[in-house]
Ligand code: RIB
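In structure tokens, one chain follows: the form predicted alone.
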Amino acid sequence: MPQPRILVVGSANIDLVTQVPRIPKPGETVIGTSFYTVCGGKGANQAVAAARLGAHAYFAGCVGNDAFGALQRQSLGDEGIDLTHLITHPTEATGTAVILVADQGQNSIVVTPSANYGFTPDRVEAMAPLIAQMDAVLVQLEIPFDSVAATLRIARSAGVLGVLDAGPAQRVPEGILELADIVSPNETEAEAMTGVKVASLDDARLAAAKLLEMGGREVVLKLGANGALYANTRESFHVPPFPVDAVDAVAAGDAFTAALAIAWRWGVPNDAIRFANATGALATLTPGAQPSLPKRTAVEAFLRERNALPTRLAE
């Protein structure tokens, strides 16, 4: 198949990451063991993931006129991503994420969007001709809701796959869910949207059913170490995980979403989700957001070693 064209409309942040023995309780202080700064943001992560998985990737978003913004531009450009629609905000700083990563791989994140909110619906409307040329368009919830809705609306009218990665966790206007072809939250994000605490596969099925009732067409619920759940109005099924010794789950969900969008055109949801599960699993093996995102050759080798390579990739 020809090289897929993937447009990501979303956030670009700089991640300020501290490794800790465990995530502190409210009011508690713990001693960190390391600190580093790395490029991140759900949108930028997904663009990098798509590029490394072999897509012709485009990124649209907004950074500040500061050193962090320059760092993001250089990092994304080095991946070969088209940055024609990455704009610079004249007054707001580049977005940041303060991330605590526990020794067991869990993470806690506080995002300050700042310049990301400068990517407004009029910017999206100006990209309509580009959107119409894509194989898939990805959006998240670190830019204004109106911009998310505008992106999905234009993609729908152009017959382009629109994927909503419903993070970070928050209530989402039902109108946005109706515009997305695929809604893909993790457990925490699904709970924020539906009120269902996802602690088991049965909970996941219930949350997915509620998302469908709220207007979603197809739901792919990311369950971390428990794999993923697919649901539409006719069926649902669980796709098992690939167990690994995770060291850092940051950006694993973004790796999953990019892989899902690329593989969806195979026309076999189970294969696409298996490919996404493998990509997400590999992303947990390296610390940091964008540094952890695997290349396609690594994903295919990982699947081949486990006799789980989808037929489409084996051809």
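From a predicted model like this one, the values you see are computed outputs, not experimental measurements. Counting begins at 1, following the sequence as shown.
Beyond the structure shown, there is the form predicted in complex with the named molecule, which is absent from this document and is the topic of what follows.
Contact residue in the predicted bound form, chosen from A251, C62, A50, I273 - any heavy atom within 4.5 Å of the named molecule
Of A251, C62, A50, I273, the residue with a heavy atom within 4.5 Å of the named molecule in the predicted bound form is A251.
Interface membership of L177, the named molecule in the predicted bound form, 4.5 Å heavy atom rule
Flag for L177 set to no.
Is there a heavy atom of A278 lying 4.5 Å or less from a heavy atom of the named molecule in the predicted bound form?
Judged by the heavy-atom cut-off of 4.5 Å, A278 is well away from the named molecule in the predicted bound form.
A289 versus the named molecule, in the predicted bound form: is there a non-hydrogen atom within 4.5 Å?
Yes.
I99 within 4.5 Å of the named molecule in the predicted bound form, heavy atoms
Yes.
Quick check: do G162, I182 and E218 each get a heavy atom within 4.5 Å of the named molecule in the predicted bound form?
The answer is no: none of the three residues contacts the partner (heavy atom, 4.5 Å cut-off).
Exactly one stretch in 53-61, 35-43, 279-287, 262-270 has heavy atoms within 4.5 Å of the named molecule in the predicted bound form; which is it?
Of the options, only 35-43 has residues within 4.5 Å of the partner.
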